[in-house]
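Okay, so here's just one chain, in structure tokens, the form predicted on its own.
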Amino acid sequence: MRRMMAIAGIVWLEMLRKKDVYVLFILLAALLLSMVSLNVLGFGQISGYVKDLGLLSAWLLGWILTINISVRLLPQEHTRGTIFSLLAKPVSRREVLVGKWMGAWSVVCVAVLSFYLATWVVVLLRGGSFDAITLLQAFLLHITALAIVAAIGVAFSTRLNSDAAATLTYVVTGTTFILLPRIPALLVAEKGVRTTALLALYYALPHFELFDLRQRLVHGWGPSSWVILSRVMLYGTLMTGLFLLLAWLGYRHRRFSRGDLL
């Protein structure tokens, strides 16, 4: 565990030297400032529109940040040649994978927490409020979903360069979020092989819609059951472990050569 934590710490140091996190913070700050100045439909009070826009921004920016970080950690080790010195130490490939994932996910967790706090501040400034327990639940489920996204990004990056891995991760996670909730309705009109294929997708891919509590927050429906919340988080943990296992299976026998540019 100490070696994986050390690798995660290196990821943090690399992120602090890059501008991605700061750029996203600036974008979110600009968006939130614009929401502060909005007078939606002529009313000075807070509206569900402002809440929804802030939470949607947190989801979109967190998704972008997670993919951009997770898919480049392994390829940049390969292109720099530092993977040889890293694996020459008493560090297994499993520890490298999990350490990189932990680093990417922890950076994203801090960024998303900042996004939520910034949204909460704007809502308070506009005279509205969030239920604190529901907001905590939404944050916990959100970062659990992003743990899955980070694991998918790491899995693709074990065999692809960062650009290709990012493209596939965007396509898979975006399609999953949009398509999977609609599969039960599509099954009514399909038969045979198509039904089997849709069912395979439905059960194999992660259901990100389970982790989205934005509507509960916006409409003030109150917190969800902690039992249900724990089950969804357990599901997210299992899906994260599954994709990390796939990443390890694709990485454990990979051969490296000097000058291998990915």
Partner chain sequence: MTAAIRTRGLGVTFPSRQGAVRALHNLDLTVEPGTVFGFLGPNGAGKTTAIQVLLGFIQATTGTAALFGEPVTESIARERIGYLTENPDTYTFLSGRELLTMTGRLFRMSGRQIRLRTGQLLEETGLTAVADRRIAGYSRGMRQRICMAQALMNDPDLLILDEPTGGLDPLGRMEVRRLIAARRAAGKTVFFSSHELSEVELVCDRVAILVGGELAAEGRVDELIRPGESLERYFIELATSKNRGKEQR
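Positions refer to the first chain, counted from 1. From a predicted model like this one, the values you see are computed outputs, not experimental measurements.
The same protein has a further form, the form predicted in complex with its partner chain, not shown here; the description that follows concerns it.
Of 170, 84, 139, 120, which residue is found within 4.5 angstroms of its partner chain in the predicted complex when only non-hydrogen atoms are counted? If I apply the 4.5 Å criterion carefully, the residue I get is 84.
Original post:
Thinking of 129, 131 and 231 as one candidate spot, does its partner chain come within 4.5 Å of a heavy atom in every one of them in the predicted complex?
Top reply: Spot residues vs its partner chain: no contact at all.
Can any non-hydrogen atom of residue 23 be found within 4.5 angstroms of its partner chain in the predicted complex? Contact check for residue 23: no, nothing within 4.5 Å of its partner chain in the predicted complex.
Can you work out whether residue 13 and its partner chain are in contact in the predicted complex, taking contact to mean some heavy atom pair no more than 4.5 Å apart?
Within the cut-off, so yes.
- Within a 4.5 Å heavy atom cut-off, is residue 93 in contact with its partner chain in the predicted complex? Close contact exists here: in the predicted complex, residue 93 approaches its partner chain to within 4.5 Å, heavy atoms only.
**Message:** Please determine whether residue 88 contacts its partner chain in the predicted complex, using a 4.5 Å cut-off between heavy atoms.
**Reply:** Contact check for residue 88: yes, within 4.5 Å of its partner chain in the predicted complex.
So which stretch, 152-160, 104-112, 73-81, 170-178, is the one near its partner chain in the predicted complex (non-hydrogen atoms, 4.5 Å)? Contact criterion met by 73-81 only.
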